[in-house]
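Here's a solo chain for you in structure tokens, the form predicted on its own.
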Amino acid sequence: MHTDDQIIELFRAAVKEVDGKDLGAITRETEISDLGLDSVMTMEVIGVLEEKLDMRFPDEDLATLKRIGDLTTLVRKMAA
């Protein structure tokens, strides 16, 4: 089981891999839309995360992601 901090670090690494962008401090409350990623980049980042975590997120769950905390909750739910 991954902790929130581990999931956030995986997300940061995925953004770096996709966009070359080094994100500043992000928390569970950080809005994904505030990170400067367009929708295509966001989906690429999610794809990298799915690969690293060896899981596939349902599209209906992805559509509800607004904050980093939503993502950490989804990852923990999928891993349970």
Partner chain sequence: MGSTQKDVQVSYDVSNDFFRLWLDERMNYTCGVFEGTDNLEEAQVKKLNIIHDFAHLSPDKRVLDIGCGWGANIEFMALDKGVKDVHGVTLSPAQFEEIKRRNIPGVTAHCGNFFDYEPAEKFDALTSICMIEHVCSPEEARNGKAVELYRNYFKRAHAITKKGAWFGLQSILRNFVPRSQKDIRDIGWVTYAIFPGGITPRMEEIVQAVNPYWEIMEVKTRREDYGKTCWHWRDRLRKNEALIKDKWGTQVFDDYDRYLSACVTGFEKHYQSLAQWSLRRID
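Predicted model only: the values in this text are computed from it and were never measured. Residue numbers count along the first chain shown, from 1.
The same protein also exists as the form predicted in complex with the partner chain; that form is not shown, yet it is the one meant from here on.
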- Query: If you check in the predicted complex, do A14, E17 and G20 all have a non-hydrogen atom within 4.5 Å of the partner chain?
  - Reply: no
- Classify L35 as contacting or not contacting the partner chain in the predicted complex by the rule of any non-hydrogen atom within 4.5 angstroms, answering yes or no. no
- Applying a 4.5 Å heavy atom distance criterion, does I46 contact the partner chain in the predicted complex? yes
- Query: Does R56 reach the partner chain in the predicted complex, with heavy atoms at most 4.5 Å apart?
  - Reply: yes
- Message: When the contact criterion is heavy atoms within 4.5 Å, does L62 count as touching the partner chain in the predicted complex?
- Response: yes
